[in-house]
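Structure 1 and structure 2 below are two forms of the same protein chain, each written out on its own as structure tokens.
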Structure 1
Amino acid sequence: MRALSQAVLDERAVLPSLHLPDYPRSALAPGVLHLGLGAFHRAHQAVVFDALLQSGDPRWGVLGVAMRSTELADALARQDGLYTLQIASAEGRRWQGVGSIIGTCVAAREPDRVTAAIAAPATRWVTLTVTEKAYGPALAAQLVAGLAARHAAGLGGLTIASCDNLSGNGGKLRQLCLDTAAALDTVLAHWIETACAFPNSMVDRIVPAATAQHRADAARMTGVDDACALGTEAFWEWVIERHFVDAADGAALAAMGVQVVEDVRPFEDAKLRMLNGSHTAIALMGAVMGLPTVADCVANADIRWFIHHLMADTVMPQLRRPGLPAYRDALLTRFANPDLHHKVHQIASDSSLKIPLRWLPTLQTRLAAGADVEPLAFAAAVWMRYLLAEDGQGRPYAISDPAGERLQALAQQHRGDVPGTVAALTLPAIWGDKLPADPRWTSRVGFWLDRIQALGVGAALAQFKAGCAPNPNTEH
């Protein structure tokens, strides 16, 4: 079986039902430098850039830069940057060939090539998916070196768009670059500040790790061997603020389905509290109930009802994102997608770090307004039960959390003592300074933890759904 390549593409030696790039790739110069070549970029921004190229706009070819690992960059190079993407939804699976990546390199191996690419006259954009943990001196040094070369060459500024899961990502990246440049050259720092644009953005698409099955499925579908095949869901979002060096880029992106907005924060808040917050609740329930994946959890009618109730009645009233009901329904559809194989224990990891970001803002706002917090009290009780590190059938599981040993020890120490467990695990580092002393919160967490310990999560959830809980404003 032949390997995927431009020559194979030119011969159309693949099934005609596969959507293929048909623009002149060999004539393209990279207009986008992407830092953080990996599965997410290839299933998200690269697909948008592919659509722009398909539309006849040749400025969006991508030089994909892996930060350290050489394997993917070299595998893509052998395939002329081509790969196939499986898109799975309730309607079935379809395959798409993506051709926007026209070159690859590795920053750790070829830093001078990255610097030169940032300074290349054809380069217009830099995009990043390097993970939020990488926003430090090494990233700043690489970007500023390229921008310094660009400034020295007398070229214009760039749009530098972070696509990492970091609130205010563009502003944070801008400040990082300005601080680094200012330590080298105040003139350079001023040029970056005035000539470059750092829009905040929010991206969303579930992209599981590529597997051998993807490669086998791609071979069966296309008749060629694609070492870089991967899969994703049909849903995707890219919301970006209207702040570009070339103002016309906003219209070009919007024509491909990108949402270009004045303020990305309402979209960030909705994703964090609805998608991420629901994911954590689902994963904790699934772990204790012995359900392996998010799709398995959402197939449970009571869990699906609970997540709908949590989003619609507790989280959404505090949010400003347009079209919240449609967004909620889209999330439920995504959670139910069995092709994603999102494992609950993976999503439940680091819960002590996630809960303050995903649940706490909603809790604080609703308690300040005297509003109901019952679904989050139930979820918090499930988390406390989860920390016992065994499911409802007594099967042990590992807890992956930086505070996991301490939290598990506290849960075991107070096992069977509901007030003691609530007091020990309602920690200010997780729940803030006020909640541990607020009986409107602690009493409801204690009530549901007692029900969970007595009945199990499934039966307690059924009781919650049936409305059997006492009024949340009364003592029990």
Structure 2
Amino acid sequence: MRALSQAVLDERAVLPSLHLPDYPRSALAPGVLHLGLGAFHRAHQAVVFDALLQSGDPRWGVLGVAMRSTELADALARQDGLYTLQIASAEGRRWQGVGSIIGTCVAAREPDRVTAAIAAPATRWVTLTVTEKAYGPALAAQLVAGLAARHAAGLGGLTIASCDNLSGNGGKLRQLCLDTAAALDTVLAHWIETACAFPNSMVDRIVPAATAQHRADAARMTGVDDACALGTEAFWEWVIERHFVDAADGAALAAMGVQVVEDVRPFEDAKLRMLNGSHTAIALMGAVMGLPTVADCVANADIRWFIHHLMADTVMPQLRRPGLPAYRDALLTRFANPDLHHKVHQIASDSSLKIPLRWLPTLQTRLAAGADVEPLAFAAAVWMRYLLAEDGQGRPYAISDPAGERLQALAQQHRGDVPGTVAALTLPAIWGDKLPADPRWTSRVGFWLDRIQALGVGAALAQFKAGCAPNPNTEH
């Protein structure tokens, strides 16, 4: 079987079921530099840029930059940046060839190439999906080096759009760049501040890590071998603040289905706390209960009930996004998508960085108002149990988290001692300053950790459910 490439595309040597890009890719110069080349970007922004290119606007070709790992960047380069995306929903599966990535490189291997690309005249945008843990000095240094070269060349500023699951992602990135630049050169810092735009944005599409199954399915469906095939759901959202170097970009993106708004906050809060907050709770429960995927978890009636309860009664009262009940119900349907096979351990990774963004704002607001936080106390207890690194059947698993070693050591050290575990793991870096000293929180986490130790997560969850009086305002 031939490998996917531009030549294969030009000969139309693929099966007709595949929707293909047919714009002149070889004539494009990248207008977008994407940092964090991975599955999410390829199933989300790259698809929007593909649609823009398809509409006849040649300014949206992407140079895809992997931060460290070379495998995907090199595999994509071997097939001229092309890949097939499987889109699975209740209506069935369809396949789309995506052509917007016209070059790839690896930041750790070719930092100068990244700097040169940021400073290239054709570059207009930088987009980022580098994950929560990357917002530090190394990222800022890379961006500022490129921006300094751009400034020195007398070129205009860039729109730099963080697409990571952080609240106020654009503002955080802007501050990081300004602080780094100010330490080097105040003129440069002023230029970044005035000539570049850092819009906040919310991105959403569930994109599990690509597997060999995607490759096998792609081969069957297209007749060519695609080492970079991946799968996603039909749903996608990109909500971005109206704040661009070129104001006309707002209309161009909007024409492709991107929502361009004055204030991203209501969308970002709803997405982080409902989708991502539920994801983290599901992933930790699934890991300890030995349920491999999100769909396996929400097929369990008690977990499904718990997630509905968490969203409806604890998270939604603080949110402003319109249409929340429908958003909640759509999320449960998305989680149940049987084609995604979204692994709980993928989502459970980096939980120490995700919990402060996904659970903490709800907790802080509710505790300040004297409202109950019981589902999150239960979820926090599951996280503490998860840190023992073995499921309810005693099967070990790996924990992937920058603080993982330290957290696991603490969990082991206090194993069997509930108050000791709660005290040791309610770290201010994760749970904020107030929760460690708030007995309304620590006592409830301890209560549920005790139940989990005595009964296991599944039976403790059944007890949680039995103890909840039905809320007359929400149908479960």
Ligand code: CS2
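Computed from a predicted structure; not experimentally measured. When a residue number appears, read it as a position in the sequence of structure 1, where counting begins at 1. We call the rigid core whatever largest set of C-alpha positions still superposes within 1.5 Å between the two forms.
Selected structure - criterion: the form predicted alone
Of the two forms shown, it is structure 1 that corresponds to the form predicted alone, while structure 2 does not.
Taking the rigid core as the reference frame, tell me whether residue 407 has a CA displacement of 2 angstroms or more between structures 1 and 2.
It does, since the residue 407 C-alpha is displaced 2 Å or more between structures 1 and 2 after the core fit.
2 Å or more on the CA of residue 327 between structures 1 and 2, with the rigid core superposed, yes or no?
Superposed on the core, residue 327 moves its C-alpha 2 Å or more between structures 1 and 2.
Report the rigid-body rotation angle of the smaller part versus the larger between structures 1 and 2, as an integer number of degrees.
21 degrees, smaller rigid part against the larger.
Between structures 1 and 2, C-alpha offset at residue 279 (rigid core aligned, Å)
Residue 279 is displaced by 3.9 Å at its C-alpha.
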